[in-house]
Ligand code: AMP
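Shown here is one chain on its own, the form predicted on its own, set out as structure tokens.
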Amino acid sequence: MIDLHAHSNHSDGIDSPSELVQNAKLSGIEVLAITDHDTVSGWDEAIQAAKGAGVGLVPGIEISTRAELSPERGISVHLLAYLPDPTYAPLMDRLAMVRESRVGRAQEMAQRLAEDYPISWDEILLNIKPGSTIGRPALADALVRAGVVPDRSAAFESILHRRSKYYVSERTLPTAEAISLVREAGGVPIMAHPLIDFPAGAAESDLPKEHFLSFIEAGIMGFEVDHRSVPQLAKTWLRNLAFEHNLIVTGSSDYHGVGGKENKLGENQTAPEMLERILSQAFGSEAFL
């Protein structure tokens, strides 16, 4: 089994990189990608653990970006960047900016939450691994510890929902810039879980083809089609679009650890030939297979 999207506690996962690799092995995963948000800080530990466990490892990043669809509307687009050069300064510097801005955003959300719930910024910081990416999951965990919600999923579905009064928009990279930086760094940019917000009951004619064509023109190299949150209509449409433009199609779990999200390692998988395409087109860093 090949699972190319999983998180450790270097971003918003629960497992350490070593635990992530061990859990992947126990789940029958043969090749795993570590894709923490906007950071490569978990790579070294994951690589060493994978070598010891006999699990193939593809180092990657999940990059937070935003695409402006019109002057009035923008959308969040996450990019899975496989095998970029972790020393390529233009990319790493921009990711550092995103991580730093996320701290201020999380602090502002914590302040809003503290007006109505028994949580504090100091308590949140005490429960975050130094150097980890701070985001809504850290706030969700604080709400769980305070007994406000039973788990992260409940927090995301209510108090921390994007339409909640506690929500603060994140500062991210423009999608086209991020795609360009990943490719300059020798990485392979794949769009993570596209169209997860596509409305139920909508028609194929409602799919934003012109915007996806703009991503392809910018250099996107594939789509993560098989993901639990991608609607079936969108999956079929994305496969056809990928075939039309000879793009890579992947499938992954988006695992965050037991209790982090419901996603289970290996619940969606990538075909070996698609992994080979990623490996053949990347030149920024090495996979350990």
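A residue's number is simply how far along the shown sequence it sits, counting from 1. Everything quoted here is computed from the prediction, not taken from an experiment.
Keep in mind that the form predicted together with this ligand is missing from the display, and what follows is about it.
- Contact with this ligand in the predicted complex, judged as any non-hydrogen atom within 4.5 angstroms, is confined among 260-268, 23-31, 52-60, 230-238 to 260-268.
- For the chain shown alone, G135 is a contact residue for this ligand in the predicted complex, at least one non-hydrogen atom being within 4.5 angstroms.
- The shortest heavy atom separation between R94 and this ligand in the predicted complex exceeds 4.5 Å.
- Not displayed here, this ligand is approached by R105 to within 4.5 Å at the level of heavy atoms in the predicted complex.
- At least one heavy atom of D12 is located within 4.5 Å of this ligand in the predicted complex.
- In terms of contact with this ligand in the predicted complex, the residue from Q111, S153, S164, S101 that brings a heavy atom within 4.5 Å is S153.
- Taking a 4.5 Å heavy atom cutoff to this ligand in the predicted complex, the one contacting residue in 34-58 is H37.
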